[in-house]
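What follows are structure tokens for two forms of the same protein chain, given separately as structure 1 and structure 2.
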Structure 1
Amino acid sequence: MSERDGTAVKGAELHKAYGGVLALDDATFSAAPGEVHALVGENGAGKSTMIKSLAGVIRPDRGRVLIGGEEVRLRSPQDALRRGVATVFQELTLLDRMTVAENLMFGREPRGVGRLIRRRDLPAAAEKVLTEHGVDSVDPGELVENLPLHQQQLVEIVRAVIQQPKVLILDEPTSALARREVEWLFGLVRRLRDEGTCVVFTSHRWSEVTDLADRITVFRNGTDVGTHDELSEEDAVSLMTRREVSTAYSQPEQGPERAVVLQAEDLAAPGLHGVALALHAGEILGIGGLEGQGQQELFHALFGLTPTTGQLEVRGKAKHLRSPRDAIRAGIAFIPQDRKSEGLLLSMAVRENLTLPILGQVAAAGVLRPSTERTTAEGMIEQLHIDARWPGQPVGTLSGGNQQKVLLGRWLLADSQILLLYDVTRGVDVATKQDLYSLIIELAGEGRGILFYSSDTDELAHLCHRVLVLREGQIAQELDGPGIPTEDIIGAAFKEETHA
């Protein structure tokens, strides 16, 4: 292939600035044909910016991009595609008001008379493509917006693979995937590699990196700080952060049996059947299971987002939650998976995001008291060590981890005693995850009840006092911890299928 220098794709000495922020600062990255190359680094280290430069989405301010050893000027994604670089971006680029088939076959639709698209044949064509790649859980006739995130991710991956690229770039492909799907992806990637494809991927889960990657390049602050064949997690983290971060999970203390703060009996909603659970003060109660087994529905039900039946007691009082406001008043807080579209008002100030649910407390007779509001916000910024330059800074300009802290801080201000944390570490880098873990443990230690869902089973295993494994909208098994073996959680999630 590219015998000239053995690289399939290369970004050399790239610079890219956004406003005053240097996303790439003299960064170099290259990957060879027939290898799987992992790109790792903290949130905001510039991984995606490098990938977008290689994929023709953005044009770096300076530096060179080489594909197959040849310097190229990429003007658009199709430019890159034409040269054999296909990319799955971190932010999905499916057209959500179109069907899976329309998306998969976009630009390669079956055509008939007068080069017109034969819409009728689209689903069958897409179905064929999907099954060829081992995906048959996705209905090609469905609108993308109706698919759960992990299935959208599958479609996106398949769409990139069917371009038969020489270089396949996957930017955090696994963060939304269920465990089985990750396995599927790994199989696919290995096969492609063996066929000579160069695969570049990013991930914040170290086990995936060591599992899959032949080589690892570490990014820090917009530049590359080393490429290695073999790298321990500790070394990687200290390369990424330039500080020592323990990657061992801190474990919550086994608190004495305390009062029940949240109790549900026979809870039912669409996708949820007769769930009973009790959450204690000071407890981190994990919710596990395969993707899409009713976890989201459970969280939504407990936050008043879906109409539900069954009994719910919050701190000993029967409650019927009709809206998030009811839930918030009962002392429940919900931190959603997607902080950008569900958690934060990105263009509004950190201060405004913090005080949104407690406006009444920083106002008198409906009139805001700016000084009270500012001190309240500043207090929380200090308490959680939120790295904001000033309380008026738009929250969208903070790093991902700090945004997550703002979200937590909001509910601490609201004095919520029950925290529903839904996949809050998704896409968060290793060091920030550690920060969040200790924060969560600390919050539980103060007597809050925490319901914790994560798509990362290791997290559940280490962080939770107990784990409830959901299957088809019901609790399939309860596992006691802390320190539950990861395999047990996986086993419980799969149980039925191993029998079948």
Structure 2
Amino acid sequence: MSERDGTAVKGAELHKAYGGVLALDDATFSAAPGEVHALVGENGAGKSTMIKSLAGVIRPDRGRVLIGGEEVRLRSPQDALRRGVATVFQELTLLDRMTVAENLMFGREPRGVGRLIRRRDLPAAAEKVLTEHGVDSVDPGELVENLPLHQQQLVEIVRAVIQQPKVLILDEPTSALARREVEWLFGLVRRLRDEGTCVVFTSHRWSEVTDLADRITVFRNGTDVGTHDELSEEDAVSLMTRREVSTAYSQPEQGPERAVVLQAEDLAAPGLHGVALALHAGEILGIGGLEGQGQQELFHALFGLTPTTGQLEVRGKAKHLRSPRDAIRAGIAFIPQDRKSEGLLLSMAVRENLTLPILGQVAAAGVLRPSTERTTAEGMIEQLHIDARWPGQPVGTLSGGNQQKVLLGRWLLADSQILLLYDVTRGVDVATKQDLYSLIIELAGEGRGILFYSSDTDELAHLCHRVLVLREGQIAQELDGPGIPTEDIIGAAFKEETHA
């Protein structure tokens, strides 16, 4: 069957259910050649299922997928790629134990006599491809597993683009990228659009949607609820949630000076050089700077994940954190960037993930008390408004925002008073972000000390009492807030001089 309606890709009245969970409910999405089309909605609204249907990852229960106006039956992502659809998924698909060059040039390897692969030529070929696409920060000979997440994302994007697809699908492509890398990506997308490529992308950062998209389609509860040429953030959130949600930042109260709960002097570790900081009770202390300037290393050091030198005090007492266990015993909790691989046990229940650090409190004589564990978990699920059907639901089936709430809830049950929050809103929808902002401010209001890193400079500017800008593993500048001008944080990241 042919449907020549000027569309590059289309999912028509798609329906997909997983057991009792309806992921797509007769949803339709259509994008045209030479346009950038944003697909937005809350986590769990059906965006990812629509994308996976168009990319050949899953087969819908019913409905039609069309590419270039022709109805197709996609059996795999390779099948979709042969038809001109390339996808960069939020969960990266690079092979960790292979080099950048091997990943990038897979299927395009330089060959010699007898069509044998010339392995020695792989790095040079990959470097040429990266340079042609404006990427000069990635070593083509490095193993992918050794690259930071943002560099893996760059490689994944370039690998898709060099396939010269007619349709390029980008699922949360900026979630791990620094501002300069986002600008690089936007320039690439605009060039592809001008060349006639259809680009479909999702993002939870509304400024990116308005900057880049020619059209916007909103999804809610597994179906499309409208396509628009222009849409305000407030109207979009209302369409996503059926409720009015203010997208303005709630700013934390500037309370009286409180006791220092975490203090570091001359803290050094791989990637850190003599960092000094003081975190007060009730304070949200932001950590800013360009990507890869020591932010992650600082959080790892404060959670006992890497060996350190220098002085560290927790509530006025000297501490030497040799492991995360030491940090947890000191009342320090860490929520990492990659919640799925570093924070949660995806196959285990929400209940089990929540109570993991307090098993001694829900057991008697070393034997788990299921009723106590269930009651404890239910209380936290209710308190944080975690959208789980029941406490025994596998945490891996929750949306990204609700998974993040489970991680926060875990440490609230453990009564951790120092929270290290590392990019906790990454990959979280607009409405859930507001919930997390309110929760973070509420936790600070209860007297917890919060160290807060975000790849979104606006969050640092509006949510934090102070921001420490890191550059090359040192504190370049301290800025007082809340309400710090965003340009001040960005400007401090580029300053040559550092200030102790």
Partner chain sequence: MSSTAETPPTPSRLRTTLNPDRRKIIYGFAAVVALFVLGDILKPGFATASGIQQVLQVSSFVGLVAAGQTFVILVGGIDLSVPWVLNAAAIVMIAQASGSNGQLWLGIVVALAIGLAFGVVNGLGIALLGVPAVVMTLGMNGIAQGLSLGVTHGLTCSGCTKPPPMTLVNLMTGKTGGIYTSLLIWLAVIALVTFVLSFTTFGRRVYAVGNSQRVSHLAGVNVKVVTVALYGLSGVFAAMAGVALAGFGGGATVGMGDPYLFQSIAAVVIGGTYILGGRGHYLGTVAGAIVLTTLVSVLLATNAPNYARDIVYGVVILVILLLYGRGRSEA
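Residues are numbered by position in structure 1's sequence, first residue being 1. We call the rigid core whatever largest set of C-alpha positions still superposes within 1.5 Å between the two forms. Here the structure is a predicted model, which is why all the values come from computation and not from measurement.
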The form predicted in complex with the partner chain is shown as structure 1
Taking the rigid core as the superposition reference, indicate whether the CA of E378 shifts 2 angstroms or more between structures 1 and 2. yes
Superposing on the rigid core, is the Cα displacement of A364 between structures 1 and 2 2 Å or more? yes
Does the C-alpha of W390 move 2 Å or more between structures 1 and 2 once the rigid core is lined up? yes
Once the rigid core is matched, what's the CA displacement of S399 between structures 1 and 2 in angstrom? 2.8
